[in-house]
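The same protein chain appears twice below, in two forms, each given on its own as structure tokens and labelled structure 1 and structure 2.
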Structure 1
Amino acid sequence: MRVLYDHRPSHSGHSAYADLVLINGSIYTGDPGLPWCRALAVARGRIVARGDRSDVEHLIGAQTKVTDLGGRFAMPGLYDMHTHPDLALAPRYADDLDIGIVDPTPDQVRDAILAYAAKHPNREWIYGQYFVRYTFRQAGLVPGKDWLDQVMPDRPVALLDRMWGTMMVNSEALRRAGITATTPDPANGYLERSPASGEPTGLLIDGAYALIHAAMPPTPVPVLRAAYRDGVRYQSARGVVSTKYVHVCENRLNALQSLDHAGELTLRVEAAISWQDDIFPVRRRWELLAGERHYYRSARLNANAVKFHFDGTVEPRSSYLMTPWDGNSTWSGKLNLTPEHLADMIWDMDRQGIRVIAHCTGDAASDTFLDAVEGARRRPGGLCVRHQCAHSTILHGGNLKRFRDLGVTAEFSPVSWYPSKFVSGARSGYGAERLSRAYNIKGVLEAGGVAVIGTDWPVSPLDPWIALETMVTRANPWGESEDRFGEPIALPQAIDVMTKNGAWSMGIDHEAGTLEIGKSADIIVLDRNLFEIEPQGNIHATKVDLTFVQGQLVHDRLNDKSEAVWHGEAPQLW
């Protein structure tokens, strides 16, 4: 087993010299006290000196590794604060159906199902991803069991939509799961039903589709391990040093621990246990929250967080809004927990030092979440954990400063904050007025709050550089549209969002997030200086030459003979 963590007892002796020295660089530290330097020295995983070469030269000993950056740009490593490599990649290793098109037409969905069924005649379930509801609308069709039964009547079929807010199943899948007209809606979702008969239509919204997953075999640990391994490798190659994998269960934690023990967990992972069965059943939830989670704890892995879907998504109109979805109805979406449940849960988790991450796409959902945090702050025994409002898609203007006042992280997902075909098709359901104030990163920052990004892969690409570029431009990186969407922020602000703000949201800002003396040596070396290029069309194409985590070289793009864990370009994952 590879020795990944150089743990030493606190009273053991230390060398007088650095383990690693970087020289001749253009190093952006993120520290207003010394924004730029040309050299850094690292010992026992932490930065011990910075400045010019003369400031670190006395720390170079016979065993010190000296890396000449040759003038290259370096900066703190990136933080992706919400993503799901397991959901994106496990189907690949489980050989599930992957339609492989961003917004497939109904005909393409049908053809993919039939081709998969022919290739896998003995596979019990036809399960996979993705369909999108708006292409059915455009084709004048209604997704659901009636449509699927025409395609595949005799084998169970279950397909997720791209935003993981809806599952479409056929009649055989409903039968296998025991779902009928008399099946009650779960608290965290609902079954779309025929108004006349109450029969399920084959569209299961939000947590309701966990009923289907419960009827299927759970994803095996080796499949999850392979998925996480690919995700970790990709993130390290793209400069991510810390991440949050949200919605985990016992199998997922076992897979992550296996990677950790093998020395292949090359970034810090905060794993958030599913508070309820939003996606799949969590069979040991209460044992994990009672203390079993600590058996997974290491310098790279912790499970001191929970995640749940507080409301839904735009396509099924289950986001919980302050005003009705349109002028002709009173429907404004729904919450998946009662406000009373949420208030007691946040207080209870806060007392245990467990972070609460709440999926909130509608402005009424985030408003209720902030109310619950405010209530928890007033009750005794809390530890003032930095809880997280995930997605923060539509925020009410009156709530912007509450993120600062309550110490809550506002997390944003990049796929929809720049113009694209997906935004035009799916997000348009919010309506023009709401879209005009969507993903208000600038508003949260100007109000003194902390904003972070979460790629939310597979909803958005796992590549963090798309997020960094589009925070600065709010434009399409590939020139597919001339429109701008929302208010851009300056490059230094965007770097803060993806570095020091991420460290703050993980509660490690005292030891990581910037390149300061005493902090963790989480450093990335790039092929370009972000401050010397035109942002649009360029930042997203940045190459990461080197990634250091806690002083360990974990990724080396250019030298396949180095001691790095990973070498070469980032793998192609989509």
Structure 2
Amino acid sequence: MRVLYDHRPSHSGHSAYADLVLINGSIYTGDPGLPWCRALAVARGRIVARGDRSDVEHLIGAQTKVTDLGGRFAMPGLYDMHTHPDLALAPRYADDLDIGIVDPTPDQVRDAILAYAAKHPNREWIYGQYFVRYTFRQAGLVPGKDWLDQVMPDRPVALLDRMWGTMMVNSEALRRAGITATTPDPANGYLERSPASGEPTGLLIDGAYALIHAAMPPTPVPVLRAAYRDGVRYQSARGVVSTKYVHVCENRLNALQSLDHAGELTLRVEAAISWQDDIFPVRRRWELLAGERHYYRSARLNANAVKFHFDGTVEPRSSYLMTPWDGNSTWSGKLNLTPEHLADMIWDMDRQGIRVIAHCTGDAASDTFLDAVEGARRRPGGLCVRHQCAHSTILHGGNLKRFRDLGVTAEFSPVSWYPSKFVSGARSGYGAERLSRAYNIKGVLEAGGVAVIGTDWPVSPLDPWIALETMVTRANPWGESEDRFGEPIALPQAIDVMTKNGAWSMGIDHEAGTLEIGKSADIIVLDRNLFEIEPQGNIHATKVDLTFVQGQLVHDRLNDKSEAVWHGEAPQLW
């Protein structure tokens, strides 16, 4: 177990020499006291000297690994403070049924189910995609349990339609899920029923899927492990040294811990336990929050956070706003939890040292969240945890300084809102006034608050460099749109947002985030100097040659003989 071998008791003796020395670099430290240096020395994962070559020479011993950067640019590693690689990647490893035909006929659906069943005799459920209604109608057939029972009477089958709005299941699947004529419809979906008998027909709509998912085995740990492994490998290759995986359950934590033990968790992960079951069920939520989470704790992993959805999103107009969505209606969105629920929950989590990460897109959602944090700060026993307002899409001007006052992180998702035809159309729903104050990173920073970014994959790509470029340019990185949303910030500010601000939001700013003596050696070496290039069209294309986390070389793009954990280019994930 890597995590146990690496630790050294505080009184054990150690070498007087550095483990690693970087020389001949153009190193941006992020430390205003010494913004630039040419050499760094690292011992036991921490920076022990910096300056010119002469400042580190005395630390080079026989065991010291000396890396000549050849003049290349280096800087602190990046912080992606909100993302979900498991959601995008786990389905690829689940080996579910995928019929793989654009318009499968009922006969092709049947053949695919039978072939899959024969190939997977030990799989309890046959689950996958997809069927299309119109080919059933073309054939004069009605999709549902009657048809599916003829194909597969004894093993449970659940098949989604192409639009992912309907799930077709057989009688065995209904039986295992306990669905009968007396099962009530969920609030956000329904069971299609025979008009005469009220018996479910085997077609389930929208929220009714959850009845079937609850009866199915959860995504297995090996599948999640493979998904996270790809995500981690990609992030390391793109220079990310710390991340927050926002939404986890017990299986996800087991997967992450298994990577950690194998030495493949090559960045710090703060995992936020789902407070709601809307994405996947968390069977051990209360045990985890009560203390079971500590069993996962290591130098790279912790689960001291919870995540919840406080309001909705722009497209269905479910963001919770201060004023109605438009002048013709009273609709201003709504909250998913009561403010009272939120107030008690934040206080209780704060007392346990658990960070609350709240999805808040509308200005009224973040306002209510900040109120609840303010209330918690006044109640006894709190630990002043740095809670996090996720997305912060529309903020009220009066709330900008409260991020500083209350010690709340304002997290933004620039990778999902750089200007493009799609984004311009979708976001126009906010209206001109609100759009003018959307994505207000600059406002939070000017008010003295801490802003961070999250890539929020699979909502937007996992690549953090798109975020760095678009914070500086507010323009489309590929020149595909003339639009510009909001106020740009300067490159050094944007680098702070993606490095030391991230460390602050994880509560590790005293030991990470900048390249200072005594801090963790989380260093990335790039193929270009960010301060010497035209930002638009160039920053996002940056290649990361080397990534060091806690002094360990985890990624090496150019030399596949090195001791790095990962070699070569970042894998193509989308």
Partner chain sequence: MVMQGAAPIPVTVIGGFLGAGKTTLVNHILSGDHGLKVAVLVNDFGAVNIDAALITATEGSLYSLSNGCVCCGLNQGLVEQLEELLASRPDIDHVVIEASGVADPARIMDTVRYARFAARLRADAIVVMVDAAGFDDAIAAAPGLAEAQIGSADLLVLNKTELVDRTALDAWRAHWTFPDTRIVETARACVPFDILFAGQISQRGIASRFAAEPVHEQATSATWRHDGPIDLNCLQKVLAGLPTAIYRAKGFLRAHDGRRFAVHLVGTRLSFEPMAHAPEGLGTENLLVLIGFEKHPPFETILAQLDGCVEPAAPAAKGHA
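For residue numbers, the reference is structure 1: its sequence is counted from 1. For clarity, a rigid core is taken as the largest C-alpha set superposing within 1.5 Å between two forms. Here the structure is a predicted model, which means the values were calculated and not measured.
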Given that just one of these two is the form predicted in complex with the partner chain, which number is it? 2
Single out the hinge among R92, Q552, Q138, L259, thinking of the two rigid parts turning against each other between structures 1 and 2. R92
How far, in degrees, does the smaller rigid part swing between structures 1 and 2? 46
Expressed in angstrom, the C-alpha movement of P217 between structures 1 and 2 on a rigid core superposition is 3.8
If you line up the core, how far does the Cα of Y127 move between structures 1 and 2, in Å? 7.8
